[in-house]
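Given as structure tokens, the chain that follows is alone and in the form predicted on its own.
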């Protein structure tokens, strides 16, 4: 399992053996870089679980999906587009009918058509989905995603349980959902419970108990239980990982009690997203301006919240390092605010939840030096946009001593593809 804590440096000259200056010389800035060795480590951490199902919304490049597939990981898809991404990455439903599971709170028309076309297993997050899949695929097996009435998260926006969350089937509605399943010839074979990000052992015991109680209501048709996701990774100095041995033990004990009650074995899944990819990712940007605004010193980058939205969305903290062009590492550090180029006051990487600007102690740097936003592999590029007419940046993968471009930088043609000017009247 991973080390208990992690530490971050404020000076960085390379990523997995590749000099920052060489990466930038070849691919420019901003750019995302992923270290495949870190993803491999995190997959190995979860080997005790019967199934590791990657929540691909965290980082959905088909090269990453392909490599995870080769490591024996299966995927979760939350849209028709993600289903098609998984298929493009080589996931074979004929070889493993459960290698792609559709998880959502609704079916749109395209997603339901794809589910029917490929006979995809569905993780239903709303009672209405039971009726809809029963009409489309009579006799289908489904999983129910249950909202146990409580949640957890480092931000309210990452809390996916409780009455303020839109996610899942309310725990008091399970019996009615089972009646609906019977009425529409649908069999409930799985239970899934995910209450948000930053799972800790105190909350986990509550989740396990809640799932066990629901499972006993569902009964012997169950063949799979899912621990959901939310495993934390350290973003700040001194933050810790969850003790994975205890984490697994709690879920395994729940599974064993249910197996005894039902008289048959159950598969235990886990559904990580961030945990597998966050620490692999780096967003490299160039400092394009250093300026004083009253008492605040600003480092302004060529990357903005269109490239990494977590700080503006959640007040999320990312470790930051500096790479000096000269190779010299000045010992002096100063308090700085780090911002981007967008025409938005909220385009600040060092902010707290609620939009409050914060300072970070970083090495003295100059225009032309590089700033690296670290632990950026999850919910980074996947949330990128073309806001302010910005091109989405390249994605690079370091694997076995080689640097691969797995997504090219967008061009103006990409920016306006699909747009047209109608004839003037």
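Positions refer to the first chain, counted from 1. Just so it is clear, the structure is predicted and the values come from calculations on it, not from any experiment.
What follows is about the form predicted together with a small molecule, which we do not show.
Asker: Looking in the predicted bound form, any heavy atom of residue 271 within 4.5 Å of the small molecule?
Answerer: So residue 271 counts as contacting the small molecule.
Asker: When the contact criterion is heavy atoms within 4.5 Å, does residue 57 count as touching the small molecule in the predicted bound form?
Answerer: Close contact exists here: in the predicted bound form, residue 57 approaches the small molecule to within 4.5 Å, heavy atoms only.
Asker: Does residue 340 reach the small molecule in the predicted bound form, with heavy atoms at most 4.5 Å apart?
Answerer: Answer no; every heavy atom of residue 340 is more than 4.5 Å from the small molecule in the predicted bound form.
Asker: Can any non-hydrogen atom of residue 86 be found within 4.5 angstroms of the small molecule in the predicted bound form?
Answerer: Outside the cut-off, so no.
Asker: Out of 304, 229, 125, 190, which one falls within 4.5 Å of the small molecule in the predicted bound form, going by heavy atoms?
Answerer: It is 229.
Asker: At 4.5 angstroms, heavy atoms only, are 49, 143 and 255 all close to the small molecule in the predicted bound form?
Answerer: Looking in the predicted bound form, the three residues 49, 143 and 255 all stay beyond 4.5 Å of the small molecule (heavy atoms).
Asker: In the predicted bound form, which of 230-238, 350-358, 94-102, 133-141 comes within 4.5 Å of the small molecule (heavy atoms)?
Answerer: Correct option: 230-238.
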